[in-house]
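Just the one chain here, the form predicted on its own, laid out as structure tokens.
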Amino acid sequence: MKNKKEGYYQPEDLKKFGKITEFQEELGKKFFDYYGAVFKDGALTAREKALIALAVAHSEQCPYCIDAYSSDCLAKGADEEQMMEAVHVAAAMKAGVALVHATQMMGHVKKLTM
């Protein structure tokens, strides 16, 4: 009997990301060109962009991105405190985004109950 892998996400799949061009080479290459350009130093440093990416990875709950950008942040000189602070920013934003939509619910309920 074969060993069954635990979980849907497999860490080794992250290493295969570069192969997304296999089924659609032209668009895959365009994506990687764009992706590479976005993460270069600009108005924001590559380190700052890595911290943003780490925060988004947590907000979007992508295990591949969390692994990749945790490593990238460390490689670009971010420390654990900065990384965790970025994650807390994402968490606060995610909570705020959910709560601000409560105004829509409240308005709808008021219309229905008046």
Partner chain sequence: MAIKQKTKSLKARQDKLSDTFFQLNVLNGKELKDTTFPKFSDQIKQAGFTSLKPSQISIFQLNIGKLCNQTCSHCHVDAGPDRTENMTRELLEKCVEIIAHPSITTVDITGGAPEMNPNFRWFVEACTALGKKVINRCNLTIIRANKKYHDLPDFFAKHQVNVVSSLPYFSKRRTDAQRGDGVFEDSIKALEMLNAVGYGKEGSGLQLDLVYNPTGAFLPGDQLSLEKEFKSQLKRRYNIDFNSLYVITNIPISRFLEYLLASENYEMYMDSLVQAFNPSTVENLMCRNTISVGWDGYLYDCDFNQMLDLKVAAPKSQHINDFDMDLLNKRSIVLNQHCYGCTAGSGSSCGGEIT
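Numbering follows the first chain given and starts at 1. Computed from a predicted model, the values in this text were never measured in an experiment.
What comes next is about the form predicted in complex with the partner chain, which does not appear here.
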4.5 Å heavy atom contact, Ala78 to the partner chain in the predicted complex
yes
Might Asp33 be said to contact the partner chain in the predicted complex, defining contact as any heavy atom within 4.5 Å?
no
Look up in the predicted complex whether Met84 has a non-hydrogen atom within 4.5 angstroms of the partner chain, and give yes or no.
no
Verify the contact flag for Lys49: yes if a non-hydrogen atom of it lies within 4.5 Å of a non-hydrogen atom of the partner chain in the predicted complex, no if not.
no
Which residue among Ala37, Leu44, Leu74, Leu27 has a heavy atom within 4.5 angstroms of the partner chain in the predicted complex?
Leu74
